[in-house]
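What follows is a single chain, given as structure tokens, in the form predicted on its own.
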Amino acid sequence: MVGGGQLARMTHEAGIPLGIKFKLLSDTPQDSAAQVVGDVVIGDYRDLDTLREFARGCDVITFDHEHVPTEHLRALEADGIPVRPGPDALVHAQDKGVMRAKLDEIGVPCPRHRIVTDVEDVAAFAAEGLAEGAGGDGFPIILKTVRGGYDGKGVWFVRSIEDAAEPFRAGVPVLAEEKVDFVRELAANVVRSPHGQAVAYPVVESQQVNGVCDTVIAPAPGIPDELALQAEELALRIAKELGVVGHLAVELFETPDGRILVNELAMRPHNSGHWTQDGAITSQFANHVRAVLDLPLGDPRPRAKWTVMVNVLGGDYPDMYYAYLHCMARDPQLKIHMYGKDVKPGRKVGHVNTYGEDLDDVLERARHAAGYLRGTITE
């Protein structure tokens, strides 16, 4: 697995019961997964020679992020190393411009968008969204760098033309998108194997705070059966059309008139699927391992009526572990997953999962535990 973050750490954990020999390419020995994996190579994933040396002896290569250069992945494939997902699929998660063009081609509903070249072009794009005869300038809109964005980084909420210059300073193409009027954000998580077997998890509601995922509720409360089925089928179709192998997360907007629009794609285990560790028969991590090894996929159905995941973000307390006594005693069913990261304010350092029959109770338990671990709740 290329990448040493928490996704690699949890994927490695899922492979242990299967006796999988797991090899890791990590940036530093302190990375989350590098702390627990036995076979660790420290190196730069952007260096082709490093990748080739790392891949020697591996049956298959997969990832915990989308940042490996596409041309390097093609070189590994030319060397005879199976890469899953392959570069032809992964490029749609690496490059938002390529993603939007492909989704348009296959008829997937998306926000209005196009690549913009400068501030004047941004103003023209904003004006294009005005209804005929409407006043105003078409702002606000969203600007995104086509590569490299993550957890709100590389994304700008632009209220006026004066705000539009910053995204162009990165020196990469910029994608403009309409600001969607949405009711909530949803996510459809699916897993697909090389021979085309695929499974879909229940559609979840994803709640963001400052551009970072905070809470995930599985299944999405109150979602009409027809809309949930539409979202699952859409994610499965995208996985098939793009040739995805492994886990695919499709982030969605639910609009006031009952439609869904695709916001982002991720081709790896995803924050919106962390609830599956304790809330599904087979977790996203276990099914990702099965998929990249072309093993039969596991049952994605939920174990309980409701499961809630809340991220634990770093706060002012560098040592969270004293909080275990309170959290575990208060809620013996609570599941805590910490990533072994140094605690920094706002940094994702873990998550908690709760489950049960009453959504209000499940939500309260998860939010209390995450808040207590962070230090924002003290009783």
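The first residue of the shown sequence is 1; numbering continues from there. Everything quoted here is computed from the prediction, not taken from an experiment.
Below, we turn to the form predicted together with a further copy of the same chain, even though it does not appear here.
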item: Listed range touching a further copy of the same chain, judged in the predicted bound form by heavy atoms within 4.5 Å, from 308 to 316, 324 to 332, 44 to 52, 63 to 71; value: 324 to 332
item: Contact test in the predicted bound form: Gly298 vs a further copy of the same chain, heavy atoms, 4.5 Å; value: yes
item: Any non-hydrogen atom of His368 within 4.5 angstroms of a further copy of the same chain in the predicted bound form; value: no
item: Touches a further copy of the same chain in the predicted bound form: Arg147 (any heavy atom, 4.5 Å); value: no
item: Contact test in the predicted bound form: Leu293 vs a further copy of the same chain, heavy atoms, 4.5 Å; value: yes
item: Full three-residue contact with a further copy of the same chain in the predicted bound form, heavy atom 4.5 Å, for Asp88, Leu234 and Leu265; value: no
item: Listed residue that, although a further copy of the same chain is not shown, lies within 4.5 Å of it in the predicted bound form (heavy atoms), from Gly57, Gly38, Pro345, Pro29; value: Gly38
item: Residues in 263 to 292 close to a further copy of the same chain in the predicted bound form, defined by a heavy atom within 4.5 Å, in order; value: Asp278, Ile281, Thr282, Arg290
